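The chain below stands alone and is given in structure tokens; this is the form predicted on its own.
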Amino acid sequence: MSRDKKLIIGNWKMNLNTHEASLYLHKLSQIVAVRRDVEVVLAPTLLAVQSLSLQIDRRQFKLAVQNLYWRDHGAYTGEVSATQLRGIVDYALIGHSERRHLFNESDKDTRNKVQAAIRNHIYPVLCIGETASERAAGETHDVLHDQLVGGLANVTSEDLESVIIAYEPVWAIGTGDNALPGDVAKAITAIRSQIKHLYGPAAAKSIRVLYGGSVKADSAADYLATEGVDGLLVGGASLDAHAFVEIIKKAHNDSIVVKK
């Protein structure tokens, strides 16, 4: 996918049962316009993924899974593999801060999941970001470096074309303490600099980088207008149809003026 096409991902987290998810998708389908320069991705709970895959109009929306297991098959009770999700979802969130900090997922876990997604033709969305204490200690760039290197280990330059990076400062998620566009720009510059070091300048320029962290309808335009931001990973606001539609509208190219 070209960087000219904005990517808006709605992460529903552990909300909406199968019936509620179906009703919400129907509501969204009636009010979300199909735009060539915006791709809208919905990440429902795993329980709802398969049923929504039968309901969804893939010209209008794509589906993402919020998590997956890195083994393709085997005796792993309770897990769902990328192989089982192949053909159902187009994207997978990997290394979300809640997976890292609530479920103690390591960089090795995220690395294995990124590779599993790639080999099963699912776009991995590698989430990275610093905590409040790491930010206060001036460790933001070190954390981003470590999580990038850890998550992308063994990913080739060719494979990198399928990878999306989502910068989501942990201290800004659900806290109301919004990151300033200037802070986001600095972090994304650091991310692209690290990609340049690992894969070269062409990869640094072409890789898609999203911002996620308490994105609301009234802040979306500022983040989207920040240099280096190719889209948004939206949490709570994606559960409000009208707020989510406003965010999608603001991703339309006609309303974007890049801030440097």
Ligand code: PEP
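Quick caveat, the model's predicted, so the values are computed rather than measured. From 1 onward, residues are counted along the sequence shown.
There is another form of this protein, the form predicted together with the ligand, and it is not shown here; the text below is about that form.
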Legend entry - the ligand in the predicted complex: contacting segment from 26-34, 228-236, 54-62, 40-48, heavy atom within 4.5 Å: 228-236
Legend entry - Among the candidates Ile188, Ile173, Val155, Val163, the residue which, in the predicted complex, approaches the ligand to within 4.5 Å (heavy atoms): Ile173
Inset, instruction - Find out whether any non-hydrogen atom of Glu168 is located within 4.5 angstroms of the ligand in the predicted complex, and reply yes or no. - result: yes
Inset, instruction - State yes or no: in the predicted complex, is some non-hydrogen atom of Leu224 no more than 4.5 angstroms from a non-hydrogen atom of the ligand? - result: no
Inset, instruction - Although the ligand is absent from this view, report whether Ser214 comes within 4.5 Å of it in the predicted complex, heavy atoms only. - result: yes
Inset, instruction - Check whether Lys113 has any heavy atom within 4.5 Å of a heavy atom of the ligand in the predicted complex, and answer yes or no. - result: no
Inset, instruction - Taking only heavy atoms into account, state which residues of 2-18 are within 4.5 Å of the ligand in the predicted complex, ordered by sequence. - result: Asn11, Lys13
